[in-house]
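In the form predicted alone, a lone chain appears below as structure tokens.
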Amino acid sequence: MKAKVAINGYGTIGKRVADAVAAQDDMEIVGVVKTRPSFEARIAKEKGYDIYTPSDENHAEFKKSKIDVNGTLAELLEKTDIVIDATPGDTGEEYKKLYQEHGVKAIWQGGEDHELTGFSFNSEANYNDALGRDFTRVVSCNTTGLVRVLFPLDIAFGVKKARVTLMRRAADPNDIKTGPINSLIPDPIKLPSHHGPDVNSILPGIDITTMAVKTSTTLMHLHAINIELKKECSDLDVLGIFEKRPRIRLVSSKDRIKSTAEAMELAKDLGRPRGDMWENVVWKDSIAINKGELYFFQAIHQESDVVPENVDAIRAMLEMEKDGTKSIKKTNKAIGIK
């Protein structure tokens, strides 16, 4: 039997997770929820996804657009094992009550607070702790990217402290309403930023402080990372750790990948759907040990790096696979991470 997965919120993250779930041989999409008709809803129909709406009130607008609707979210939940909730942030409590009423498990995204579920997920760091849970939260793109590098470094060498500056994209590429046009914005001005505590929701023993700057780009986030490790090591030791990680892609400026723009072009040349880069992009020639401390740069594709984590969270919560390493391999193979 395949896991029956619903997507509540078929937008930037939701549509990507839907396609990743559909690519798995042990899962299927039973429906996606859209509030209003759009090109995304039309394409979802073309892909064979059934369309549902939050309530009957939304049906008239879909009917005018000649997009068939299969029912409401409440009706969809009757045929669902688990919901990926990719709705806008701060709606979690309302939907949680509905999921509980229908006895359906749910996964939220990083726009919701850790307190909503009491558990935050990363495939490598705490897969076993997610086994059988009813509710969980896949942390944000930036937090996912930080956990992916901090977790293996802490296992190998011990992380004494981490200090990270995040240069954040201002908006997603399809967003025409937000973002600075010609400025750099401390975000937030009052430091530190929320990313450190978010990392601690998964890795509570890590001493981490973060600060962020919103920049005039839509492509990716860029992290400048400084880590003091407990054990001495070389840059080659760190490189060896990253080479073995399943969701870190090492690149080099010698290959003319010197920017986030070129990292995104790499994803397109790899044939990735939507040009997505699911892995952390770490510049291996940026890895340096200076005065006993580790430095490196990494880029994070905000639209897609959490996608494989959502798939693994489904397997863990439904106890379809008890071994996190096996789930990661299965997910990676299905969507095309080599």
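Treat the numbers as computed from the prediction; the structure is a model and nothing was measured. Numbering starts at 1 and follows the sequence shown.
Omitted here: the form predicted in complex with a small molecule. The next part is about that form.
- When contacts are judged by a 4.5 Å heavy atom cut-off, residue 91 counts as touching the small molecule in the model of the complex.
- Residue 306 belongs to the set of residues with a heavy atom inside 4.5 Å of the small molecule in the model of the complex.
- Within 4.5 Å of some heavy atom of the small molecule in the model of the complex lies at least one heavy atom of residue 13.
- The shortest heavy atom separation between residue 8 and the small molecule in the model of the complex is within 4.5 Å.
- Proximity of 35, 95 and 111 to the small molecule in the model of the complex is complete: all three residues have a non-hydrogen atom within 4.5 angstroms.
- None of 228, 134, 172, 265 but one reaches within 4.5 angstroms of the small molecule in the model of the complex through a heavy atom, and that residue is 172.
- Think of it this way: in the model of the complex, the small molecule has a heavy atom of just one of 149, 202, 220, 86 within 4.5 Å, and the residue is 86.
- Note that among 189-197, 164-172, 248-256, 232-240, the stretch whose heavy atoms approach the small molecule to within 4.5 Å in the model of the complex is 164-172.
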